[in-house]
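Consider the single chain below, provided in structure tokens and representing the form predicted on its own.
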């Protein structure tokens, strides 16, 4: 078997983990020939002869057939990936921001040069979402993908609920455990999840959605008041990413929103830094995928899976095409909105108010209306928006007769 030479960009926790696994498994027939890094002054747990700061030592090396890109800078990652593909090298990436922003041109370039462009690690780490959509569900009529795709925010919300601690404390704990960056904005404001669901939408429906069409609200405004409200109503709060189509296959929603999750719902069991994905189809009803979505080993596992797939010339087929979508139909939703009087949205413009009550700490409105209008009206960190799960509530009402002692627990 001919050895596959890899050029590796980035030698952080994931890159180092991959290097050592490949060292221990020569039977894979894969070796890292060169590693490009940004900071040569750092101590590296690998032979110094492998390292360089010059990208061309990989991009211009004819003996390197596969580039594995694991850097944080999305712009630099795009330049590397595009250059490598144009040079006839296959590429594996975990950079969801870069992939979400440039997927059509990267796919087109890979096809033109008959090479692979793989990125399982970019969506849910070790949870095989992309490969399942490409292979297992390629002939099914998928209706929706709904789930928790960001481990950082899930850890924060889990600990706010279970330990009754404020957002700032839960965030600090997530940072201490390495689940959140020192600047966590991409995670807590919902954009990391938005990038992931945007990528998944291509493989599920063949729809590459304009970023402006994604409805996004993060968790930065969630407070102990909201957590207590959820507990009183029998809910937990999760940051849920969703994309769905109607009976005609027209995209009806792509969003990332805090959502009340009812008792006995599978996503209620997805806690801490875990991810959980529900894939709905006309033939299969729903499938639930669960696992670690971030961290050294889950990410490395997905990258290694892509490396293995490359060795047998695997490529994503995109059987449903890649159709650019610049407009998504609006849907009605019922939402909880908490605000201060001086920052009250104009509710007459967004829907029907069912409840409106005030306490010493906050004003709360329950409103049903255009989801696009509601999200737009609640922009900013000073208004808390949480969606009620009416699209899934009906199917779980049949389970309400189950006793508290059931396997599904709070």
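These numbers come from a predicted model, not from an experiment. Numbering follows the first chain given and starts at 1.
Same protein, other form: the form predicted together with a small molecule, not shown, and the subject of what follows.
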*Among 232-240, 215-223, 102-110, 176-184, mark the stretch whose residues have heavy atoms within 4.5 Å of the small molecule in the model of the complex.*
176-184
*Spell out, yes or no, whether the shortest heavy atom distance between residue 152 and the small molecule in the model of the complex is within 4.5 Å.*
yes
*in the model of the complex, does residue 196 have a heavy atom within 4.5 Å of the small molecule?*
yes
*Can residue 96 be called a contact residue for the small molecule in the model of the complex at 4.5 Å between heavy atoms?*
yes
*Please run the contact check for residue 293 against the small molecule in the model of the complex: heavy atoms, 4.5 angstroms, yes or no?*
yes
